[in-house]
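Only one chain comes next, encoded as structure tokens, the form predicted alone.
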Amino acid sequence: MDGNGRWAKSIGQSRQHGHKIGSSRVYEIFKTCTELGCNTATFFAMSSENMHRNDEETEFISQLLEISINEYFEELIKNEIKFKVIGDTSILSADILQVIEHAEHETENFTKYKLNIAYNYGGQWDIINSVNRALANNEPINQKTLSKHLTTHSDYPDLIVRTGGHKRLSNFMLWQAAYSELYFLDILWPDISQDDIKNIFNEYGNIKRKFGLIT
């Protein structure tokens, strides 16, 4: 979800304002995805590298995470959405962790939809974390074992969409993205619309995915 800061600057507002507006778009876009037949979506809120920004900005975004979970908690329950935060959350305050753990616990048995928020997440961290878990369990290091210990388990993305104009993954789901379809939009995240998502889904629907095989 790239471009919150640049969007805010373009209208003479603070980066915090951009993050606030960007955060408000997440559930709306998630609902659009579900209406188009997608049952699992992961939103990349903060990368491991983003956490090196100034404390004021990272603290503000962590507070937005807490506010958003509280705001949409009843929607998660009503619509049977399994909620999860993936990434190294150990850096978050006890209050925010409590809100996350409560939402995850209350929705853990839902299977209809899945909404993941990647916070302090990095694909490299995910792989290293998976290897360490396998080693701790004395398991062999192979594709099946590593896949089992990734934060998303079997939820590999069919489609990855990045806003903001940059054409790179920026350390997002490096293992899981091996055969994902990639879409890069020049628009900034706060400007993304339901029509943008519909157009991407329509184009994706016409792709024959072969996963390296010959059909």
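What you are looking at is a predicted structure, and each value in this text was computed from that prediction instead of being measured. A residue's number is simply how far along the shown sequence it sits, counting from 1.
One more form of this protein exists, namely the form predicted in complex with a small molecule; it is left out here, but the text below deals with it.
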- Task: Please check if Met173 has a heavy atom lying within 4.5 Å of any heavy atom of the small molecule in the predicted bound form.
- Result: no
- Is Asn50 one of the residues lying within 4.5 Å of the small molecule in the predicted bound form, judged by heavy atom distances? yes
- Indicate whether Arg209 is a 4.5 Å heavy atom neighbour of the small molecule in the predicted bound form. no
- Query: With the cut-off set at 4.5 Å between non-hydrogen atoms, does Lys20 touch the small molecule in the predicted bound form?
  - Reply: no
- Answer yes or no: in the predicted bound form, does the small molecule come within 4.5 Å of a heavy atom in every one of Lys82, Glu106 and Lys112? no
- Message: Just to confirm, with a 4.5 Å cut-off on non-hydrogen atoms, which of Val26, Ile160, Met46, Ile69 contacts the small molecule in the predicted bound form?
- Response: Met46
- Of these, 32-40, 57-65, 150-158, 177-185, which stretch puts a heavy atom within 4.5 angstroms of the small molecule in the predicted bound form? 57-65
